[in-house]
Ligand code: CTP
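The chain below stands alone and is given as structure tokens, in the form predicted on its own.
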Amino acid sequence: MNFFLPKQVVRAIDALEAAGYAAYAVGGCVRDQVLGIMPHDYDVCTAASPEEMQRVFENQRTIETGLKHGTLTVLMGGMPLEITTFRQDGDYLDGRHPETVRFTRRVEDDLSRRDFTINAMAYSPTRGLCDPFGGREDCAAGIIRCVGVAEKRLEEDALRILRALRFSARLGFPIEEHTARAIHEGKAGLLRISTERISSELNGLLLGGHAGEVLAEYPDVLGTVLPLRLLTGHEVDWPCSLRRIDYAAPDLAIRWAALLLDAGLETAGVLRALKMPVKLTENVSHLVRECRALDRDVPMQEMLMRLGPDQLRQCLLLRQADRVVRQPDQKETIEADTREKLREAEMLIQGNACCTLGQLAVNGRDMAALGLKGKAIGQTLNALLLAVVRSEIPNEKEALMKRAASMQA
């Protein structure tokens, strides 16, 4: 198998090897190339200690913030490259981090501490592929398998449970039976993981092409990490929600909205409990609230006013996923209807149809001239915009001023 490594990575490995220290590209960049995927970043591991790495790269610009953990970032030809000393972990007493880390000279020791076999491979241009746990075979077979004893690996760090599901969702690989059993049995360990780390993994999981399919196999894991107590009183059809994810476009806001569509107004509470970014929470909540409006034949121009171009597109794609799940035999007709609505929206945008306050023929100064103050100015302008969008009055200053004056009478 031919591996491609950027010249900066090759230079770093060559510099370490020339100084007498074994060095390899490691982890995700090796896995992706075995799978025929172009990596988006590269990591290097080496037998050199942190101090030895500093000497090897003394003429390069370096960042030493991770040095106590054995990682030196080298700016090699403008590319930031993390290089880490081979290491072995001590006991994991908090279910997340090793109590101690010991540096070692053997790459096999370093690979033995990694989560899954497909991530426990290293490659050197001179030494070839180091694959002591069968990662290449599992890539070929399409399997997610823990390195070593699955129960021990997941007990060390319960976040690996969600990482396994994320890789399965992204790659479409099933999880090997012993690893799967350990996931089901060890899911309570996720309760010790920080909300932020869980949320990050959930986001990555939901963007996978097989997210709904994977979550349908592990509903107990989903129930462990989602704050379902906030949905008391809601009839959430989880099988339908999970199928909806796989029909939905791979957009994070759309995927979350697809999962939580039945939760209605409680969606925001769920996402806030997960400490999701405010912007994402507001976006998803808006999509959930407005998706059903599309079924009430609200004019497209009004939907553009309410949502804006980007959220309207998301809302149409969410509605498409919801309809397809409920009427799978109508999939082609539903998709054609979505395409038509997207074209209609684009024509309105290109035609500069009035959908925003900035496009109105009047502004705040005009309202102030009528004697309006404070909130009344914004409320009146919004009412005028809605009247224009609904074709009740033309977007002309005289007509708008007359309507505004009549509203104050």
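Note that this is a predicted model, so its numbers are computed, not measured. Note that residue numbering follows the sequence shown and begins at 1.
Keep in mind that the form predicted in complex with the named molecule is not shown, yet the notes after this line are about it.
Scanning 313, 306, 113, 323 against the named molecule in the predicted complex with a 4.5 Å heavy atom cut-off leaves one residue, 113.
With the partner omitted from this view, the residue of 178, 292, 170, 331 that lies near the named molecule in the predicted complex is 170 [heavy atom within 4.5 Å]. Contact between residue 163 and the named molecule in the predicted complex is found at the 4.5 Å heavy atom cutoff. The closest non-hydrogen atom of residue 119 lies within 4.5 Å of the named molecule in the predicted complex. Residue contact with the named molecule in the predicted complex: residue 43 places a heavy atom within 4.5 Å of it. Interface membership of residue 31, defined by any non-hydrogen atom within 4.5 Å of the named molecule in the predicted complex, is confirmed. The stretch among 69 to 77, 152 to 160, 238 to 246, 101 to 109 whose residues place heavy atoms within 4.5 Å of the named molecule in the predicted complex is 152 to 160.
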